[in-house]
Every structure is written in C-alpha cells, then in structure tokens.
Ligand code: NIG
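Okay, so here's just one chain, in structure tokens, the form predicted on its own.
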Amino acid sequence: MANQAIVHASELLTGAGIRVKDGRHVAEEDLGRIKDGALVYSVTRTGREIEWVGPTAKLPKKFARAKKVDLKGLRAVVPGFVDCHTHLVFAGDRSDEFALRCGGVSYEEIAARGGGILTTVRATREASIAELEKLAIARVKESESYGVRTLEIKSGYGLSFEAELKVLQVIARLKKRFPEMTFRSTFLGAHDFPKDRTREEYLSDLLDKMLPEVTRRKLADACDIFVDQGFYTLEEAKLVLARARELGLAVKMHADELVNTESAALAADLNCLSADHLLKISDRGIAKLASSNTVAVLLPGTAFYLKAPHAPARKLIQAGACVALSTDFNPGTCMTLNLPAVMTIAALYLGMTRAEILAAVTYNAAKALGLHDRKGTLEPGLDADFTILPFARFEEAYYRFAW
C-alpha cells in the first residue's frame, strides 16, 4: 500500500457537513472549506482510500514520505463531481433537427416526419458495438475533463432486445477502459414504445425477456422508466419496477417532466433511488420527496435547451428534499456533458446557493446512484474521488460559464 498526497491546494472543500445533513438544508459552513489544504490517500489493487485531510501545515509526520503533488496554492480540490443522469451511448446526429426547431418547426412536426427519438433509435440500432464504443469513449473523456469522477449511463435508444443489450454491453466495456472512473449502468428499455411492436408486446418483452436477460448478464445496476403523458403510466411503472426489484436491480424514475402525473410521489412511495426532471411536480410530490430517501434529480440544462419553465428547486430544497443536479446528456433535449455549465444555470435560474450546488453534484448525486456510503465527500475512510479544479476557488467552476 502506497500513500500519495495532494498539498498546498488553494482551498480544499471536504463537504463533510453535507454528509452530516444527508444533503438537506445545506449551508455555507457545511462546505468544510480548508485554506492551503492537503489530502493523503492510499493506493491499493482495489482502489484509492482517503487517509487524512486537513491544512498542509498540519500534515502528520507519518505521511512525510508520501509521494506529493504540490498545487502551489493555485488550484482548488473538491469532491469528484457525479453526473447521475446521462444517456451517453447513442449514435446519429440530430443537429439539423435542432436547427429546424430554432427556425420555428415544432418537435411534433419533426417527429411526424420520422425524426425525434426515432432518428436516434434507427442510428443506434444500425451501429455496431465498436462504433458505439468509439463515440462513447470520446464522450467519457470530455465528461472527465469537467471534473466528473462518477458517471451514470442509461440505455434507452435501442428499444429492442438486441439493441438495448448492445448499449449495455458498451457501458460494460467503458467500465474496463476507464478504471479511474466509477460508472453506473441503468437499463431504460422503458424510455418509449417502439413503432415496430404493440404496446402490449413491448411491455411483455420488458418484463419477461429484457429484464431477466439484463440481470442474468449483470449488465445493469438499476432500472429506470419514463412515466409521463404519452409514455408509460403509473400502473405500468409499478409493474416494470417491481419486476426489476424482484430481479435485484435498484429502481429510478423519469417523473413529472411534461405534465404532472404524480409520478414523483409514486417514486417516493416505491423508495426509488431518484425521481428525475420534476418540471411539473406538484406540492404533494414535493412533500413526498422531502419525507423520503428518494433524491430529486434536477436537469436544468434540459429546461434551458427547450426554453421550458424550470423545476421548483427552491420549493424542493426548502421542503427538505435531497436535491441533485445532472446534465441529462442526450441528443434531443440537452446535448452537453458540461456539468459546470449546468451548475451555472442552477445558480442563475434555480436560485441555488454554492453550498446547495456543491451538494447537488457530489454527495446528493452519489446518493441518487446509491453510492453515498463511499463517495460524495472528502473524509478519511471514503473513496479518494477528488477533482483538482483549474481554478483557485470552487465558485469559479460555475462562475466561468461553459469552460
């Protein structure tokens, strides 16, 4: 076991107080800001673990021989960012559709022409595993460049047994290719209904064919479902998520994005890891999430991209919900992997404070993936997942828009 140390960080934010509060009602004092900070971690065959955190001047003598990286007071260290909601593996290009939408053509009209999600489904079905992997590798590297150390990736652009498995196999390959990153794979076969199957046929495929095979091959950590008007119903969600849980998967839900279906409330009742989007969440849904362990994952980049009203972040936070932020990287409604830019939008349009933003992309986002017991803060005994920012202060990560 070898020790390594980061010393003379301009500041080091442990986030320890965020963990104490379980990511709720966090405040400035919960950031654990240490000036001229240092962090010591051990490196073993199974990973990296934090041994000590504190001011550089108080570095214990027993770590004097640790291999050191000296930041010379120029760069800040924070818990590694967690992007807890992405659709990173897909093929195809929808930039032309974006241009059409910006020129006044509606999404519905584009879909009627055979565009929209069908464009991505066709391209993803046609792409080989190698082609999808090549695209995904570049995207993971970009995400990593923004300080992300844990990345969730959903399937959902295959919408067939073969194509969904193909996407999940790509995620499995990424886990091996990027050992320094932590990945969570989420099966989202219930993203939409394909045009080549009836609703009943596809639902049967999900329950009786896809989910059993996905779990048999250990290709997913969780199962997600898109519950909304025109997509899956509350009753269908209960069936799919019950089957997923029966097979040993954690469960999540796309909830209350287009209209209020009370799906956020259902997610809380089902003890889902997270309820995501929440643009149209009701007061009842807010109260349910606030009194549950289900994380409210907000995706303000999507609302920005669609020019839609944002999720009620302040109401959720004030009610006591555990709120996370993520990119929702996808080809149709939020084509960005820049999590700091999403943090900027959250600061400007959701009214979130710096303490709330840090919690939302670290501990709370890790909790949305069921990883908060090891990740999300910088404390002895936890995983040494840290980000060295190219700035002297944490705030610059989202003050400098889209770096």
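Just so it is clear, the structure is predicted and the values come from calculations on it, not from any experiment. Quick note: we count residues from 1 along the sequence shown, nothing fancier.
There is another form of the same protein, the form predicted in complex with the named molecule; it is not shown, and what comes next is about it.
- For the three marked residues, 94, 117 and 254, a heavy atom of each sits within 4.5 Å of the named molecule in the predicted complex.
- Checked against the named molecule in the predicted complex, the candidates 183, 226, 146, 304 yield a single residue with a heavy atom inside 4.5 Å, and that residue is 226.
- When you look in the predicted complex, the only residue of 292, 261, 333, 150 with a non-hydrogen atom within 4.5 Å of the named molecule is 333.
- In plain terms, the part of the chain that comes close to the named molecule in the predicted complex, with a heavy atom within 4.5 Å, is 322 to 330 out of 194 to 202, 122 to 130, 158 to 166, 322 to 330.
- Within 4.5 Å of some heavy atom of the named molecule in the predicted complex lies at least one heavy atom of residue 107.
- Of the heavy atoms in residue 243, none are within 4.5 Å of the named molecule in the predicted complex.
- In the predicted complex, no heavy atom of residue 75 sits within 4.5 Å of the named molecule.
- The named molecule in the predicted complex comes within 4.5 Å of no heavy atom belonging to residue 288.
- Although the named molecule is not shown here, in the predicted complex the stretch 360 to 397 places no heavy atom of any residue within 4.5 Å of it.
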